[in-house]
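Here we start with a single chain on its own, the form predicted alone, put down as structure tokens.
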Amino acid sequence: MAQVNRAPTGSGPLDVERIKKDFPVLAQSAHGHRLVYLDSASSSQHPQAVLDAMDDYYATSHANVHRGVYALAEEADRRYESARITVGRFIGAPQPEVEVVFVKNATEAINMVAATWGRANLQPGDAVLLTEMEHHSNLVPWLMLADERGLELRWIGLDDGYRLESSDLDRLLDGVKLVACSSMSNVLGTIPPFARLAEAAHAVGALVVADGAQSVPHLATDVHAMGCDFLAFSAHKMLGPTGIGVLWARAELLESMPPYLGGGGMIRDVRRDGFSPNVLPWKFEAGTPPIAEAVGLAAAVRYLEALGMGQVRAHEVSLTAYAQRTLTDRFGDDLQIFGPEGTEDRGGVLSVAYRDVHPHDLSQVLDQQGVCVRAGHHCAKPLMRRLGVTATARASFYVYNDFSDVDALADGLEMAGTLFS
């Protein structure tokens, strides 16, 4: 076995030692070891600032929004709508006050696009272009709509370097009405050339849906630069709470789309013979929305902005490079990392196969060392079949991880190798 590759003190662009102190959960131990949380691609942890913002809302300002004219309700309105503006500016939305729709999560956002824009605009025989690396959230809604409407689904494949295969793109785009693509793979970490793909899609008259669940928490995001028409992402992967996500879309598209859910808040008028919908964005926010969660998401955005998204990206590039180097040096051909080599076009996600040890066994051994990783198909079964595996063990990094966490991962994998030798 090669000599163990140990890190120098510190971890580059972010002061991770200080950042760790902002996350209460990281102060605890697991099975007698310090907690090493490497599952942020599934759900990230929360800084104290997010917890405090939500507690303060509940303690001082809770009332239902868009319903009361008393002072407490008006303060709840202000915090909720201020959160919308904060989130919209974070992604470069030209009109955040009308283009940012709060939903449960990225999954609901994509389902909303399929059920509203899709049903209104896609006809039998129309083509939708997807990729082999998509999460189920950006596959199943289109499979459902294809079954309902008789749509043709086309697929962009992956090359041997785990990047999108672009050689046949012109043929695949011919006649396509919609392109739906992840802006960062949750399994491979692959960051596709999204702006170029969007430009090519627009050239043939297609609209573009971006699944930004993995990219928005880790990369500086500008919807104009991306060229997308719809962007979906979730708060719980970017230091925010569960139960809230975002659909961004161009205002003219939202105006043309029918409502998704019916009920209170999304109407302007209701009669016995029909209704008229509310203005944007409330047209798509039926019922009592996730008010405290919106406040928490805004606090998470402010935390990330204080760190600087450029710094977040630089930190993860450094950490991912160290992890690739460490695991390759220590385990050689015994360990396979699925995803692009290098760090230029990949995020901080490492899905691995180690010898013939089942990923769930790897995960359990790592857990005994305090290391949290995800084992399974990662809601990407078509991709698993493309990779020729049923599951992988996945470590994913964020702002509170450092080189010592990578070393703990490597030590845990070595222990698993010994146990299952």
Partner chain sequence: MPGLEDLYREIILDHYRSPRNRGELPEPPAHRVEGFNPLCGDEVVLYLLVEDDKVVDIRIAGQGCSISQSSASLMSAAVKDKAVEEVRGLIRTFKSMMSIHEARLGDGDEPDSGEATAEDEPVDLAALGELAALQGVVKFPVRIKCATLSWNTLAQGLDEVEKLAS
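Everything numeric here is computed off the predicted structure, so don't read it as measured data. Numbering follows the first chain given and starts at 1.
The form predicted in complex with its partner chain exists for this protein as well; it is not shown, and the discussion that follows is about that form.
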query	finding
Contact of residue 39 with its partner chain in the model of the complex (heavy atom, 4.5 Å)	no
4.5 angstroms heavy atom contact with its partner chain in the model of the complex for residue 31	yes
Contact label in the model of the complex: residue 368 to its partner chain, heavy atom within 4.5 Å	yes
Contact test in the model of the complex: residue 62 vs its partner chain, heavy atoms, 4.5 Å	no
Contacting member of 357, 26, 372, 51, with respect to its partner chain in the model of the complex [4.5 Å, heavy atom]	357
Candidate stretches 39 to 47, 357 to 365, 66 to 74, 53 to 61 - the one whose heavy atoms come within 4.5 Å of its partner chain in the model of the complex	357 to 365
Contacts with its partner chain in the model of the complex, stretch 390 to 421 (heavy atom within 4.5 Å)	390, 391, 419, 420, 421
